[in-house]
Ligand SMILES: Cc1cc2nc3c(=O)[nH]c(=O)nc-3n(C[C@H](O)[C@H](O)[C@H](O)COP(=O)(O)OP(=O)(O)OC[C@H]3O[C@@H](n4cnc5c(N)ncnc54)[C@H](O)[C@@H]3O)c2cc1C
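Single chain ahead, by itself, as structure tokens, in the form predicted alone.
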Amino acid sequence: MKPAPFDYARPADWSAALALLAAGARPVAGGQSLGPMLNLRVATPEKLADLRHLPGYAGVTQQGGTIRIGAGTTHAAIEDGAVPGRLGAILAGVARRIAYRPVRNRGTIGGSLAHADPAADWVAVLPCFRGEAVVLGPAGERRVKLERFVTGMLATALSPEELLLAVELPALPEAARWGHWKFCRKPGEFSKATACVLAVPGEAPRAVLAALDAPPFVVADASALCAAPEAEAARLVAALDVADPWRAAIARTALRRAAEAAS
């Protein structure tokens, strides 16, 4: 399959990018989600706005206790250590298991999050970190809590005229404990159930269960899960009313294993 004809634009600055969006252009960066949709003609935009060369779109900076990851930062850059400290080590481990290296070389953290496939790794993991998405629109910048950014399958808190600029996450102490588990039928495939647990000294542990064809389910205080992983995982998944028994079973297992790893 080949995509339907479209025009291509490469905005020189963010104002030009927003103007293109207002005129109906579709934003693209790595193209690892949009590209297949174009080829299958699931998406048929009249114009694409290439964001890759915009200033500050890619790269990692740290100011005080906040680490800012540009939306155009590739999975490969994160895998290779672009994010510093304990947070960077955790994110590198997540990035390493996203698809295959050629995909990671082009796919971006912001593109994955804005596409909002419920099984995508960053969609599942980022709400665990108490961070924010930095969004740019005609009225300027605003911030959205990451746990509220994905609102449904392929749906986010972005309006049609807004772009995702960056993700801001708190730096983590070296003593922070992390557990992450996902079920894939083969390496590189989208997950059928993903869970992660973050335990930071002095804070309530936090958990996320995702890849269940719904927005990520965030457990703001996962103390009970860390204390009794098997029983609490069963209780949490039962409350979600997952339709397929096999999906509920692997969701329980993913949540339990993530909690055990973090403990």
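One rule holds for the numbers: they count along the sequence shown, beginning at 1. From a predicted model like this one, the values you see are computed outputs, not experimental measurements.
The same protein has a further form, the form predicted together with the named molecule, not shown here; the description that follows concerns it.
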Based on heavy atom distances of 4.5 Å or less, which listed stretch (173 to 181, 140 to 148, 125 to 133, 67 to 75) is in contact with the named molecule in the predicted complex? 67 to 75
May I ask you to state whether Pro215 is within 4.5 Å of the named molecule in the predicted complex, using heavy atom distances? no
In the predicted complex, does His115 have a heavy atom within 4.5 Å of the named molecule? yes
Examine Glu162 and determine whether its closest non-hydrogen atom to the named molecule in the predicted complex is within 4.5 angstroms. yes
With a cut-off of 4.5 Å between heavy atoms, is Gly188 one of the residues that contacts the named molecule in the predicted complex? yes
Identify which of Val208, Leu51, Leu225, Leu198 has a heavy atom within 4.5 Å of the named molecule in the predicted complex; exactly one of them does. Leu51
Interface residue in the predicted complex among Leu236, Val219, Val28, Ala58, criterion: non-hydrogen atom within 4.5 angstroms of the named molecule: Val28
Taking the named molecule as it sits in the predicted complex, which residues of 88 to 117 have a non-hydrogen atom within 4.5 Å of it? Please list them. Arg97, Ile98, Ala99, Tyr100, Val103, Arg106, Gly107, Thr108, Gly110, Gly111, Ser112, Ala114, His115
